[in-house]
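In the form predicted on its own, a lone chain appears below as C-alpha cells.
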C-alpha cells in the first residue's frame, strides 16, 4: 500500500483543482487528546494504515477498530455495547433498521463539509433517513447489472438474458435476492417488493435455455469467463473492474434501461458515541477526494458517494468508467426485507433453479 505523503496529497489536490474539483480541509488538531473507535468489516477502507496516519497527523484523533463478520453481528454489537463505538459502517438497508431501533443519532452535516458534493440520489435515500433527518453519511456504492464479452452487441435491457442468440451462453449469480430483483425488473416491478412473484418466476424461467452456469464467487466467474464458457452474465460493478484490470479479461459492464440493482454503505454515528465530533471528522475524511483517489487507485475501492471524489479519478480509471453518476438515477437500491418476504424470495429462486435443472 502506498503511503499518503504530503507530496502525493498535493499532487492529487493540484490535479483535482485543475479539473475544477474543490476540496474541503480536514479540521485542525481540535481533538488532540481524543480517539474514535470504528466498527467495520476488516480491510474495508477505514483501517488503511496510510489513511489513519494522515488523518491522525492532521487532526490529532487516534483511530482504533473493532470488526464484525456479518451485518447481524454488527447490529448485535451496537445493541449490547453502548458507548463502545463512535462510527459504524453499515449498509443502507441495515441503517434503516438501526435507526428504527434508535441505535444511531442524526448526522450533523454541517460538520461533514465534503457531503456537499455527495450525490443527492444517495443522500435522499429513505434507508438513510427517519423523520426528515439523515442518520448516515453515504460512503460508497456499487451494483449488479450485465457484463458482456467485449466485441458483442451491447444490450439495453435485461430481456437479453432470454434472447435465443445467447442459448447456452449466460451465467447467473446464484443469489436469490439479486435474481428476484432481476425478475422484478424484467416484469416491470419494484426490486424490493414485487407484488406479482409469479410474473417474476416466469421471467426468470424464460432464461432457462440460455443458462450455462450459476456462479457464486468472483474467482469462479473469472475462471469460467476466461475459459469462454459464457458471454453474458449478471455481475458486480466492482468485480468487472477487477476482472478487467487485474485478470485482463475482455469484459464490458453494461447498465440497461431498467437500471442496476444497487447497494450503498454509509457511515453512522451510534447514539451513545463518546466522540461524535471526532467521528464526523473521520467520516468527512472518508469521503474526501484525496483519500478516495489514493484508496481507489492504489488499493481498489467501490464507487465513492462523493461525485467530486469520482471526478478526481484519472479519466481512464476503470472504476470511474463503470460507476457513472447517471447510473444512480435509474439504480434501485436494495432495502431491508422482512423475514417473510426474504423467505418468499428464497423459495421462488429455489423453484426457478429446480426448473433450470430439469
Partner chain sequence: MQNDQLTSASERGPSGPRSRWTLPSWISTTALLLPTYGWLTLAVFLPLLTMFVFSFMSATPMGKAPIVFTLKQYRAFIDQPYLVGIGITSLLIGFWTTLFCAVLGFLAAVALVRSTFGKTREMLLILVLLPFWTNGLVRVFSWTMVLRENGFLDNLLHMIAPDAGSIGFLYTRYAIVVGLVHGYLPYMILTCYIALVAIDDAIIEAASSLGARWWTILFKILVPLAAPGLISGSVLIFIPVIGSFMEPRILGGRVGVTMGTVIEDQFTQAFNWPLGASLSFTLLAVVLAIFATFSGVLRRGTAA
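Numbering follows the first chain given and starts at 1. Just so we're clear, the structure is a prediction, and the values are computed from it rather than from any experiment.
As for the form predicted together with its partner chain, it is not shown, yet the points below apply to it.
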Of the candidate stretches 98 to 106, 119 to 127, 232 to 240, 273 to 281, the one with residues having heavy atoms within 4.5 Å of its partner chain in the model of the complex is 98 to 106
The one option of 152, 213, 254, 199 with any heavy atom within 4.5 Å of its partner chain in the model of the complex is 213
Answer key: of 142, 194, 134, 176, within 4.5 Å of its partner chain in the model of the complex (heavy atoms) is 176
*Quick one: in the model of the complex, does every one of 73, 79 and 346 get a heavy atom within 4.5 Å of its partner chain?*
yes
message: residue 208 versus its partner chain, in the model of the complex: is there a non-hydrogen atom within 4.5 Å?
response: yes
Touches its partner chain in the model of the complex: residue 224 (any heavy atom, 4.5 Å) = yes
